[in-house]
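One chain follows as structure tokens, the form predicted alone.
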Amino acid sequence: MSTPVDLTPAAESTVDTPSRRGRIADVAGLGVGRAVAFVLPALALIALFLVFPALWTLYIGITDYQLTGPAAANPQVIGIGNFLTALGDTLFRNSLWLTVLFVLGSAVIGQNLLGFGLAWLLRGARPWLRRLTESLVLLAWILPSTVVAFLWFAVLDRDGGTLNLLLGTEGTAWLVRYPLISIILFNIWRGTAFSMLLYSSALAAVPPSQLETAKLVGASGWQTVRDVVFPHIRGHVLTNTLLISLWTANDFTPFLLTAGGPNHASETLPVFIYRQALEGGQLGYASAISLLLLVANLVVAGLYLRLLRRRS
């Protein structure tokens, strides 16, 4: 004979039912309707400003859509034609290679090393010196891009530029002779603040006892960083490298310095997309290249996640 289930309030509180699980999940007590009402405005903004532009770009990328002319009024679907054109375009391949060099030089190597170096040197600095250095580095990061570009024009100008006055090389057009190196140094100077702040926070979590032990056994600075510090901040290094790489690959600011010139010598992919879309009027072609850049970003992000999972 089966035992009857006690449905008293005390017994009911121990029975796992769908309604009870729902009440436990709804810890705020809003209910489904109110919860949806709170989330709906955010979802609408995401759909309007992220999902719809992405889908529209995908559609334009498979058409011959142009800024003016018959194709602007009646674009035709051409499938993967724009992507095949990009793969055979020497200017696109040039921009892709320059973007790789720009990201490696200014973000992966430049900002990473300089940001960590500043964070490491400022650990034991006097408080006033640390605050002053951090403020100056942060100032370069928070200033508007147009202001920063104007300052670098003043430094690299052919006639009366600060760098020419310091080196005694008056008349040297740095932005013309060394355009890629110029925008790499410009981006290192402008973006190092983020890496410095992130590594400063990461180094604060390294146990001081381990640093003291390494010092007592006679480890050099490089050995301390390699064997003691890096194992603790490896995740921060991966996160910082991912973020600054994606930001740099999609950065349009170099256009303010060189406009992609001279003769496409500093035309990174964002600048190339802008010139194809607005100067050349090839909106469909520019959208296809934007999708290729998006795929490259996803590949980099996927590689980062794989490395992070391997670390964990």
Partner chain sequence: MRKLATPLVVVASLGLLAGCLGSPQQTDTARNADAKELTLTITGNSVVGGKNAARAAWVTDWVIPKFVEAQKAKGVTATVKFEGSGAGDEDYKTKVALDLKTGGGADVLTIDGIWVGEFAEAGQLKPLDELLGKSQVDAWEGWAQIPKSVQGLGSFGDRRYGIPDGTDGRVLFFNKKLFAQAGLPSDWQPKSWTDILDAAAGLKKLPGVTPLQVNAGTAMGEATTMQGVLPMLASAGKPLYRDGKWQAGPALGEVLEFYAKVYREGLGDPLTQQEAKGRDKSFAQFAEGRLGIMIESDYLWRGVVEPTRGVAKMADRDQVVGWAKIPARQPGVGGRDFVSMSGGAVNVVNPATKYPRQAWELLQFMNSAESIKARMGGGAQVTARADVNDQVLAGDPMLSYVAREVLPVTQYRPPVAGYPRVSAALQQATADVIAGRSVPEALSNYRAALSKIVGESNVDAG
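Numbering follows the first chain given and starts at 1. Remember, predicted model here, so these are calculated numbers, not experimental data.
Another form exists, predicted together with the partner chain; not displayed. Remarks below refer to it.
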Quiz item: Can you check whether L269 is within 4.5 Å of the partner chain in the model of the complex, heavy atom basis?
Solution: no
Quiz prompt | Proximity of L246 to the partner chain in the model of the complex, heavy atoms at 4.5 Å | solution = no
Practice problem: Spell out, yes or no, whether the shortest heavy atom distance between F252 and the partner chain in the model of the complex is within 4.5 Å. | Solution: no
Practice problem: Tell me, yes or no, whether W141 is in contact with the partner chain in the model of the complex, where a contact means a heavy atom of each within 4.5 Å. | Solution: no
Quiz item: When you measure heavy atoms, are Q66, D159 and Y274 every one within 4.5 angstroms of the partner chain in the model of the complex?
Solution: yes
Exercise. Within 4.5 Å of the partner chain in the model of the complex, which residues of 49 to 77 have a heavy atom? Give them in sequence order, or say none.
Key: V51, F52, L55, W56, Y65, Q66, L67, T68, G69, P70, A72, A73
